[in-house]
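So this first bit is one chain, no partners, the form predicted on its own, shown in structure tokens.
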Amino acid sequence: MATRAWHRTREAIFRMLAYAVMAIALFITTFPVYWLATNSFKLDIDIFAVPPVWFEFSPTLKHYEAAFIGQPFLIYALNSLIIAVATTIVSLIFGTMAGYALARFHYPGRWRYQISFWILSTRMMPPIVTIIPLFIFFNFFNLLNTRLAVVVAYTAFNLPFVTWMMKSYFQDLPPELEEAAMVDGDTRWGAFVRVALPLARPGIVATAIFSLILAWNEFLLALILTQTDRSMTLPVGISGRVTQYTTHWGEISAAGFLASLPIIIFALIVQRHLVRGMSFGAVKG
């Protein structure tokens, strides 16, 4: 009896420690969002108050008015939305097909591993080191300060990530299901569309979320490739509120908080698929 009581006590202690760790992790994760949101509603005097004003302050919408009426942040947000969605769609279309080809097709010798390594090698260097050839390339084709240039650049760096993610998902799917479909008269393309893609849906959703986040948050490439309001993305537009003489923290907080909402809402909507996608193939029957 004493041993059983000790085991129950130890399990209760471990459970409390686990809850405490999760609570600390949740606080660390959500506090920046809370601080950003509250700063967007504070007066400047409350933003710089010492000690900080945590709860009791007079809310104001002046920073939102300055950001979205006095500045073209809505245009920046629209640019970011179009670029992020277009990049994600194009990366998923080509990356899914490339991942399936690497997972299913037979290659002579070690070509499969060499091709996989070549694709992965593009992620071994910081994307910013390619900005000079990209700038020259887009300038030659008169594509600077266009959304298309940013979509092409983002797709070039997202595509290897999508290909590797989808390759791992397709490798965890039993090929017998597609072979059965082809035995019944379906083509390889039909088996891919009607059998493999529906089964890999959790992986596609998880990959789409990561690709969307990367494209939505990217800053350095967009900073170099876009200099006009009609093509500038939201991160670049927000950074413009840091001037030589002052930093508009209220406007930055307002724009930054609203910029984070679409990704948070999207992740909450598809969180079930995200969890399934991240754990896809972890347990095989």
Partner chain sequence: MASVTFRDVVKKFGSFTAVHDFNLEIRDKEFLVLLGPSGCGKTTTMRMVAGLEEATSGDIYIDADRINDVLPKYRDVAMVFQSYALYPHLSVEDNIGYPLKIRKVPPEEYKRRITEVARRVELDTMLKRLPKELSGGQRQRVALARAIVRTPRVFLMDEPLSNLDAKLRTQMRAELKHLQHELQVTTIYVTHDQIEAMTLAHRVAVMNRGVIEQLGTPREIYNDPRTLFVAGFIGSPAMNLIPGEVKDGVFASAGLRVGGAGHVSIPRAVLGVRPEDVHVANAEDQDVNLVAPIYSVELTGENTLVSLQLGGRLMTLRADKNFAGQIDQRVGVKIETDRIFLFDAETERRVDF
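Being a predicted model, the structure only gives us computed values, none of them experimental. Numbering follows the first chain given and starts at 1.
The protein also exists as the form predicted together with its partner chain; that form is not presented, and the subsequent description refers to it.
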{"query": "In the predicted bound form, P133 touching its partner chain (heavy atom, 4.5 Å)", "finding": "no"}
{"query": "4.5 Å heavy atom contact, R123 to its partner chain in the predicted bound form", "finding": "no"}
{"query": "G109 within 4.5 Å of its partner chain in the predicted bound form, heavy atoms", "finding": "no"}
{"query": "Partner proximity in the predicted bound form: R194 to its partner chain, non-hydrogen atom cutoff 4.5 Å", "finding": "yes"}
{"query": "Candidate from L78, A180, L143, I213 lying within 4.5 Å of its partner chain in the predicted bound form - any heavy atom", "finding": "A180"}
{"query": "Heavy atom distance at most 4.5 Å to its partner chain in the predicted bound form, all of D44, P59 and E65", "finding": "no"}
{"query": "Contact segment among 87 to 95, 112 to 120, 197 to 205, 163 to 171, judged by heavy atoms lying within 4.5 Å of its partner chain in the predicted bound form", "finding": "197 to 205"}
